[in-house]
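Below you'll find only one chain, the form predicted on its own, shown as structure tokens.
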Amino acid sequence: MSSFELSQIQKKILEFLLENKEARISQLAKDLKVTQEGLFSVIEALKNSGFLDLRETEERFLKLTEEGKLYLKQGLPERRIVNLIGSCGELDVSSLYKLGLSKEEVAIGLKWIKEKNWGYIQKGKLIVSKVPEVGEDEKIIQLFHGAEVIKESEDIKKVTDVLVRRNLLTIEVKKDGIVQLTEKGKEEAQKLEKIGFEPQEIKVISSYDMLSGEWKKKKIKKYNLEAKPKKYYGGSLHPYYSFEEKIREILVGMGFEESDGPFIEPEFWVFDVLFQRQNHPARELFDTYRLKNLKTSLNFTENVKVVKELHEKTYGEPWSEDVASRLVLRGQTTCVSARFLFERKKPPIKMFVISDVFRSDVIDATHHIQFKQIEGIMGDYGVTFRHLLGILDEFYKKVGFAEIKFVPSYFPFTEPSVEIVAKHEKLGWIEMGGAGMFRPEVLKAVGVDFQVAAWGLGFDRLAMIALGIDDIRKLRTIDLLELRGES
């Protein structure tokens, strides 16, 4: 740090110390009309630059608590008890409550009588062995007659620590210090003395200048107001997760509650409950990630029995519990809906999930092995297909699509079913996902007796459209240049 880099307050300190051998920081703060806390940080910078030596000191100031103030008037509980009984006297402990002391004061008093060896308890009686002279702790409390705060001296520190533990005193520590110039600081101050401590033209107005009014006396350097400052990047949410929060707020605002389930599921929940036959091609390894040689126990007997009967009656082929118990990485979030209905059989129900699914696929601009789906269900007596279409129309308009169409389609677990096609202002008509009414077999498998409308779509596709991204691999990027649009 050179003379040209010193702030005005730092120059003032050097000037002051050139005239005085040393200074106490508290007094220096008063003379310079700045706070002691602020002056400490300025002095620390000068010390780090080698201009000053600093000897830090600290003082402890004592103050009575509310309990301490009470004992200042009445005396410590142990003193009041021994004074009432007298030297070499005794009294039933139960009788102490009749002498004007509270239960709390009696308990405290007895504890400290024992601690101070003033007496002891024997067969329910307090026996006082002596009535001692006023102790050091009592003397310290008496110092507060006519004083709110007293400065702690070294000789009473041990006693005051006990009073603090008794919650009779609080301690406020005030830091101070003594500063003086080093040889380097003296040379710097002498240089400043020759050229004048006051600069001809200043670049920075310090807090000292503002508070003291010194800025009015100085010539301030002109600034180029057209100069562009360095670009500042503040912290913010990742665009992908920010969009996810927006969608979450929309669905919560429409009365849906959020749920989720485990990434690893038995095939029972991923396929069987959803009425997908056990020899369906989607169960083969090229579509589904299966955990090698790992299975789970299907311990919900009645539920399993119902699913077995439904599959064998409908498809006319044996149903294997062994196959249903195989563990897979879920390839869709409809298993979350199935679990939710199985656990929450009382309508009305409005639930959504935004979560990751996994499929064995070739990674390219529009495909990935891990991506998010968004799914929702609405269940109640009397819920119809028209209710489902109305919910979807409202949702997509809130997201920002001007118009949507419903195209008849097929899914194993819903009937009737539709594909949703939405119109984007720039991209035109885009296929967004599927929806339909859960089949009676699915409802029976999870044990509900009311209608359930369900819908699901690729959340990442929705995010790509909203964020103007044409490559799914860029959705969760952590490249800061890319996120700032500078790559």
Partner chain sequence: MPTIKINYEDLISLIGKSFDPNKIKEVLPNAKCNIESIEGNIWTLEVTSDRPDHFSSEGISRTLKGLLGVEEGLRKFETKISDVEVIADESVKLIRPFIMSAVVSNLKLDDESIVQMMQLQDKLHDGIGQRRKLVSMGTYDLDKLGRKIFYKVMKLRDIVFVPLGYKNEMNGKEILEITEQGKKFRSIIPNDEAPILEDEKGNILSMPPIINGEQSRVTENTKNIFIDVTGLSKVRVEDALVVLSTSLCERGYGIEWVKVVDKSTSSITLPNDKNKELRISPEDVKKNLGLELESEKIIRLLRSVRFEANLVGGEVVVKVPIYRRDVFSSVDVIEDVAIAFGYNNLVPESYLMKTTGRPSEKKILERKAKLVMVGMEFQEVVTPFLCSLQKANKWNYNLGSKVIELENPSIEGYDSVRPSLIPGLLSSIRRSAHASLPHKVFEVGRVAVAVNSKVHEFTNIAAAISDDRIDLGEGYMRLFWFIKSMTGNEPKLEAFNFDNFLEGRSARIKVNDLFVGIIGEVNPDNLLEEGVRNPTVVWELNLEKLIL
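This one's a predicted model, so the numbers in the text were calculated from it and none came from an experiment. Positions refer to the first chain, counted from 1.
Beyond the structure shown, there is the form predicted together with the partner chain, which is absent from this document and is the topic of what follows.
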property: Candidate from 320, 180, 142, 360 lying within 4.5 Å of the partner chain in the predicted bound form - any heavy atom; result: 360
property: Contacting member of 105, 244, 152, 137, with respect to the partner chain in the predicted bound form [4.5 Å, heavy atom]; result: 244
property: Residue 350, heavy atom within 4.5 angstroms of the partner chain in the predicted bound form; result: yes
property: Residue 261 within 4.5 Å of the partner chain in the predicted bound form, heavy atoms; result: yes
property: Partner proximity in the predicted bound form: residue 50 to the partner chain, non-hydrogen atom cutoff 4.5 Å; result: no
property: Contact of residue 299 with the partner chain in the predicted bound form (heavy atom, 4.5 Å); result: no
property: Joint contact, 75, 100 and 117 to the partner chain in the predicted bound form, by non-hydrogen atom at 4.5 Å; result: no
property: Candidate stretches 90-98, 125-133, 367-375, 161-169 - the one whose heavy atoms come within 4.5 Å of the partner chain in the predicted bound form; result: 367-375
property: Contacts with the partner chain in the predicted bound form - residues in 400-419 whose heavy atoms fall within 4.5 Å; result: 405, 406, 407, 408, 409, 410, 415, 416, 417, 418
